[in-house]
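First, one chain by itself in structure tokens, the form predicted on its own.
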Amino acid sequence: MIEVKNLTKLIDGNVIVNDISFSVSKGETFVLLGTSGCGKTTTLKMINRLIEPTSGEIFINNKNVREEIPENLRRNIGYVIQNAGLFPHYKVGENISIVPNLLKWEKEKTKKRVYELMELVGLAPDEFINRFPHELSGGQKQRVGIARALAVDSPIILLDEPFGALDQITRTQIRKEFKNLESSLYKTIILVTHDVIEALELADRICLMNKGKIEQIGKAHELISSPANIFVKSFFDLVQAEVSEAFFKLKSGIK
């Protein structure tokens, strides 16, 4: 589905992403995990060409993204950022329908899709469709952001720290709801986070990055039980108590 080959990005002579390669299968949730400045967000933005790579290639369904017009590429990839990135002067329904309107969908088709998505993410349309972003809580804004990313039923969703600005209780709730949503949608998802527990809960596979390079890719239990090097071991040791609890839940199937 998505293949990244020898991707490198230099900014002002600094190596931000350093010759990385990975692939993401159809329907997989792939998490780019690491501390601030490790290159994970830059990597994500190169997939939908918000940032152009210095070298290397990215393929989606065997087609080089550089051969695509960036605007057309982005219309077929859902994208969710921290704080949702909603247009403040647009109501909820208008925010969700931005891409369908750009694609000149019929009004009834767009309206039906907006209502479907609002119900899917847990926002009652009659209650929320005419609200402005400033009238929403942080969790509600993120729900709108996710609905907007799903508006044209894109097969790929990119999420950049989508729950990072929320308080702990709301973040835990939204993660649980997103996991349930994800299982029903069968989308290919790449999620950027610095939150280890978030990665353990949501990922099919984790890609741990450090200083622009990939340290290890694998399932959560592989990174925890069989770290590839000292960095990987140290990274998970820093949050050992939380990781142990989350890892136990993963193994025992506790939600």
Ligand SMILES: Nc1ncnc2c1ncn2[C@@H]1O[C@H](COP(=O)(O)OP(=O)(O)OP(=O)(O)O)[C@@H](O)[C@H]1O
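These figures come from a predicted structure and were not determined experimentally. Residue numbers run from 1 along the displayed sequence.
Quick note: we don't show the form predicted in complex with the ligand, though the next part is all about it.
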(message) With the partner left out here, check for me: in the predicted bound form, does some heavy atom of Gly37 sit within 4.5 Å of the ligand?
(response) yes
(message) Can you tell me whether Ile11 touches the ligand? I mean in the predicted bound form, with a 4.5 angstroms heavy atom cut-off.
(response) yes
(message) Test of understanding: in the predicted bound form, would Ile16 fall inside 4.5 Å of the ligand by heavy atoms?
(response) yes
(request) May I ask you to check whether Thr41 falls inside a 4.5 Å heavy atom distance of the ligand in the predicted bound form? (result) yes
(request) Select from the listed residues Ser154, Thr170, Thr110, Gln82 the one whose heavy atoms reach within 4.5 Å of the ligand in the predicted bound form. (result) Gln82
(message) Counting any heavy atom within 4.5 Å as contact, can you tell me which stretch out of 61-69, 222-230, 197-205, 41-49 lines the ligand in the predicted bound form?
(response) 41-49
